[in-house]
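Before any questions on binding or motion, here is one chain by itself as structure tokens, the form predicted alone.
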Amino acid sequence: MSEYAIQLRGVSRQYPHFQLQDINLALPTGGIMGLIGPNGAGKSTLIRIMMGLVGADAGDVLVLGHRIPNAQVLAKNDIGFASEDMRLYKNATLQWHMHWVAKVFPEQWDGAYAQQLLQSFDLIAAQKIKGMSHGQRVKSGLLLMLARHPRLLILDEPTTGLDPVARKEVLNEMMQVLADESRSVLFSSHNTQDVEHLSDQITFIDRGQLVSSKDKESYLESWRRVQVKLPSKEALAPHPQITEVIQHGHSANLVIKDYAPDMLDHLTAQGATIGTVSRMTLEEIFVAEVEYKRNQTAAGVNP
């Protein structure tokens, strides 16, 4: 078994109005990576390249040790892919789809697990796809994928459009699946709460560029929001770790990157009185990282 489930080296793809630029990414075997980015950031393009649906203009793509797109058939035998864009045959029943997938993957299909998922997802095998709600169709696609126990799950916005109950059902089942430490997962979403709930490694992407990629705890530990009282209305002296300052008179709210307690010494040296020092949510960190990268790029600095 390869050390990495996914390896991307210098991957680029050019479109008339969008460019995926020099992406270097590695998902260790058994890892769970959340891929976060705004709509149009390049998440789906990146996943299509991994799946061999789109060819990269440059770079190397290895999935489960197989080079993509040349060996994509071998790789896909062990990949479970789910996307909000996936379509099932609307005039066929879920049971028909289950029989079909079982015939295509006879050695991997787990009929008992499929029945368990039917109950967990509150689905009816005899129901036609055209009579299902959006949430039921999403859960049906996940059932067909999960019941064959793929080594790698690639999930492209799987919870988009789900009502809160259906979303919780899907996330709960995903947590059960992820208990298998030999299984690797790439989970793409613009919903940072879902990603934070499931992932142990987070990758931010924006405008076709990799913003940053590290383990979740490193993000949560390295960013802080700090409230201070200033001795005057003059602006604080700039500091490379302070990425945002919102100042109203003597009060200021700061966002600090690569936070360490001694960072407060820089503030107190200017006469500031430290107020609340609070952790930031993953969504707040994502926005701060993206804004920081965009500002650095606009200033001609390589962050």
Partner chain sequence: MNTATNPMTTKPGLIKALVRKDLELNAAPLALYLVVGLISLWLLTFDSKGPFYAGSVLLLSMVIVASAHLVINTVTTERDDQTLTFIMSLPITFIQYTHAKICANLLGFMTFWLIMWAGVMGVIFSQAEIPNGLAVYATILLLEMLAVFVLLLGVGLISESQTWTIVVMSLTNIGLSLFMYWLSSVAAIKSHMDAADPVWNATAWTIIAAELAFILLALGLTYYGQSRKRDFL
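Every value quoted in this text rests on a predicted model; they were computed, and no experiment measured them. Positions refer to the first chain, counted from 1.
The form predicted in complex with the partner chain is left out here; the points below concern that form.
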| property | result |
| --- | --- |
| Candidate site Val73, Phe81 and Lys90: all three near the partner chain in the model of the complex by heavy atom within 4.5 Å | yes |
| Position in contact with the partner chain when the complex is considered in the model of the complex, options Leu64, Ala56, Ala272, Ala41, heavy atoms within 4.5 Å | Ala56 |
| Answer option from Val170, Leu162, Val228, Leu144, heavy atom within 4.5 Å of the partner chain in the model of the complex | Leu144 |
| is_contact(Tyr15, the partner chain) in the model of the complex, heavy atom dist at most 4.5 Å | yes |
| 4.5 angstroms heavy atom contact with the partner chain in the model of the complex for Lys103 | yes |
| Non-hydrogen atom contact Gly52 with the partner chain in the model of the complex at 4.5 angstroms | yes |
| Contact test in the model of the complex: Asp85 vs the partner chain, heavy atoms, 4.5 Å | yes |
| Contact segment among 245-253, 56-64, 261-269, 30-38, judged by heavy atoms lying within 4.5 Å of the partner chain in the model of the complex | 56-64 |
| Contacts with the partner chain in the model of the complex - residues in 107-127 whose heavy atoms fall within 4.5 Å | Gln108 |
